[in-house]
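A single chain comes next, written as structure tokens; it is the form predicted on its own.
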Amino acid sequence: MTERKSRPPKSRSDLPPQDLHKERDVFIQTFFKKGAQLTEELLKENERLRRRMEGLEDENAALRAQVKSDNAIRELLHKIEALETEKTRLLSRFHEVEAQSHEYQATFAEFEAELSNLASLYVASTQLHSTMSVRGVVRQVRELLAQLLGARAFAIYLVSDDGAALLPISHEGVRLDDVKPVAVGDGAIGGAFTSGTSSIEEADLTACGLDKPAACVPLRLEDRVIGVVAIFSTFEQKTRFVPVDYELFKLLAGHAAAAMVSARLFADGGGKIPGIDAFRNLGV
């Protein structure tokens, strides 16, 4: 068997021309393929970066909006704080004005009450001296007792000529049999005449009656006591005497007696007014 001699490999120059063309084509295809792949990758990376940039822009816009929102919130908080401070100041001022208003109202109420009291005293005084008739004076005393002092049951006593007893000359709210002459110095009525001092119940008046008068007021003519006004009971709404009542008692004590005596003297004189000579040389 004959041995084959090995042939040396062919050089690239020995390849046929069509092989170079194929290799070139393969190289070009490979190059363009890699270029296309690289381009595609670059395009994808570019798209990813573009989306990332858009995301960053959105985040940036959101952050800017958040910053603006935070600034707006801070401004609102500052405004709220300022408004709360102003509200506190206004409330404090309101309370001050309200307190002053209450003081003014209380002062006004005091003035109004004082004016009402003065009006009552003025009316009582003018009414007592508005007539020169004894009957008219007694009627004015009765109205004063009922309307201004709230007396429901009362009697007016004058001292007898011998000075031993007090005799009722007028009464209201009680039977005539219950209003009997009172000995001077006897009981609350006689005691008020003797002492010349008013006896006035300061507590609840609902328990007062004939045996326990609510008030016994002596009728004075200068330093002389000529009678007593006794209040036995008051109307239901009158449960206690108030300060103006005490002033009315003083007025009643001083003016009722003078009005009755003046009216009596005027009637005894036939209703004539004394001539001018009666007023001359009085030493004043």
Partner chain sequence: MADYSCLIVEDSPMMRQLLVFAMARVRNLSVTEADDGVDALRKLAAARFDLIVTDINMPIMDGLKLIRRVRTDPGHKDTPIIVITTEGAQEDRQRALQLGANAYITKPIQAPQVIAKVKELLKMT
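Because the structure is predicted, anything quoted here is derived from the model rather than measured. Positions refer to the first chain, counted from 1.
Note that the form predicted together with its partner chain isn't included here; everything after this is about it.
A.B. asks: With its partner chain left out here, work out from 219-227, 35-43, 234-242, 59-67 which stretch has heavy atoms within 4.5 Å of it in the model of the complex.
C.D. replies: Single hit among the candidates: 234-242.
A.B. asks: At 4.5 Å between heavy atoms, is E112 in contact with its partner chain in the model of the complex?
C.D. replies: Flag for E112 set to yes.
A.B. asks: Could you tell me if G150 has a non-hydrogen atom within 4.5 Å of its partner chain in the model of the complex?
C.D. replies: Residue-level check for G150: yes, a contact with its partner chain.
A.B. asks: Can you tell me if Y104 lies within 4.5 angstroms of its partner chain in the model of the complex, counting non-hydrogen atoms only?
C.D. replies: Residue-level check for Y104: no, no contact with its partner chain.
A.B. asks: Since only the chain is shown here, I'm wondering whether F94 would be in contact with its partner chain in the model of the complex (any heavy atom pair within 4.5 Å).
C.D. replies: Result no; F94 lies far from its partner chain in the model of the complex.
A.B. asks: Report the residue, out of S116, S160, Q100, N71, that has at least one non-hydrogen atom within 4.5 angstroms of its partner chain in the model of the complex.
C.D. replies: Selected option: S116.
A.B. asks: Note which of E143, E75, E86, D204 lies within 4.5 Å of its partner chain in the model of the complex, where distance is taken over heavy atoms; exactly one does.
C.D. replies: The option sitting close enough to the partner is E143.
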